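In the form predicted alone, a lone chain appears below as structure tokens.
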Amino acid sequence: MEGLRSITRKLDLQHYVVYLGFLAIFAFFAITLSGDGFLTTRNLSNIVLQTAPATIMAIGFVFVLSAGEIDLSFGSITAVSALAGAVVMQDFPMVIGIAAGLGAGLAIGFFNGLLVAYLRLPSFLVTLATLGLFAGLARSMTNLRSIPVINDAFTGFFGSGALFGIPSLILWTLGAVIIGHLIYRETRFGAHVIATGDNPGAARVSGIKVPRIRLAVLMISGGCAGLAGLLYAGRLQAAKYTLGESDLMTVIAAVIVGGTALNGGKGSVVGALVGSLLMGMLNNGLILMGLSVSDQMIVRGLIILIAVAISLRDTGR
């Protein structure tokens, strides 16, 4: 018995919980919804496609949270970026519209980063403020109107297209996960992000430019939100101020369940991907079961509470 306890202590529960949870929830829905189309190829493919923007945002959030910061504004950034790209493409070529969308995300991330890194304002309060600021901007940009995206090349590249039979949204997701994972795990920058979140004081002593790291991770988050906005606009063939509005809870849950520590110094891009797919599968299964939107929100909230409890227990708090 003592040997079993020793082995259990050595196991990183937070690292494995997302994979075990994914398998458990998948098995539950596969059994209970076997006659409702859950296991069909079309339904499973839709889960992956629908979670693509949230997965992209989750990758950026992994970097922010690992550095000991937080970004609550990425949902608003997504809407602003989608609208910026759609509005610009009405009068300019697609490349200019893409640059406008991504540039808007990076610029807002840079703005957040300056306030956090160099004015030393708490990232929670800064991004809470910019959440409201840019949500209002998204509404005022088009007077609450939806902007259609009629550029077939854009919608194919960012939404409905495919390469060798693989949907473009899946390719974007795989590409972002691979790049994010390699940067996070295999580069000096990734190591500096983890060191900054683990112990900022020790990171400074070791020569790490902590303010630059904080600025960089918030720009990464903004850039990822900008890309997510373009993916939304491509998939829906329109941009609206509500894009990304409901993703805050989903992305936070995906990242925390995926093994990224709340207090920084530890994270997983692959875990965030699995966490995002888990949340998408959960939403899909609850809809097929006939649960209301409010019930779905309750379930997501409970999952976040469980994930936070595991995270804090894992860090010994």
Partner chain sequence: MKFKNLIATASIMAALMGTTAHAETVGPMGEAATPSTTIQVSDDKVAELKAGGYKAALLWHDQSDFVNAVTLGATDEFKRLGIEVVATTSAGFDAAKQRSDIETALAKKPNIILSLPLDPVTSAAAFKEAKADGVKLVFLSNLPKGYQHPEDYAAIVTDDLFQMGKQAADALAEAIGGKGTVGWIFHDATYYVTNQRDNAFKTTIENDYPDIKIVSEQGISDPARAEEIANAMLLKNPDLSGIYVTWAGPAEGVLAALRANGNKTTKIVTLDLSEPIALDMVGGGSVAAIIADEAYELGRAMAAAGARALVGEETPPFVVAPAITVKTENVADGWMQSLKRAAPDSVLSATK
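Residue numbers count along the first chain shown, from 1. Note that the structure is a prediction, hence the values are computed from the model and not measured. Rigid core (definition): largest C-alpha set, two forms, superposition within 1.5 Å.
Form predicted in complex with the partner chain: not shown, discussed below.
For the three residues 246, 293 and 296, a heavy atom within 4.5 Å of the partner chain turns up in the predicted complex in every case.
In the predicted complex, the partner chain sits within 4.5 Å of a heavy atom of residue 240.
When the partner chain is considered in the predicted complex, residue 174 lies well away from it, no heavy atom lying within 4.5 Å. By the criterion of a heavy atom within 4.5 Å, residue 148 is counted among the residues contacting the partner chain in the predicted complex. Heavy atoms of residue 208 never reach within 4.5 Å of the partner chain in the predicted complex, leaving it off the interface. Heavy atoms within 4.5 Å of the partner chain in the predicted complex belong, among the stretches 268-276, 281-289, 255-263, 58-66, to residues of 281-289. Proximity to the partner chain in the predicted complex, defined as a heavy atom within 4.5 Å, holds among 181, 192, 235, 139 only for 235. For the options 125, 166, 202, 144, the one in contact with the partner chain in the predicted complex, meaning a heavy atom within 4.5 Å, is 144. Of all the residues from 23-41, those having a non-hydrogen atom no more than 4.5 Å from the partner chain in the predicted complex are 36, 37.
The Cα position of residue 292 differs by 2 Å or more between the shown form and the other one after fitting on the rigid core.
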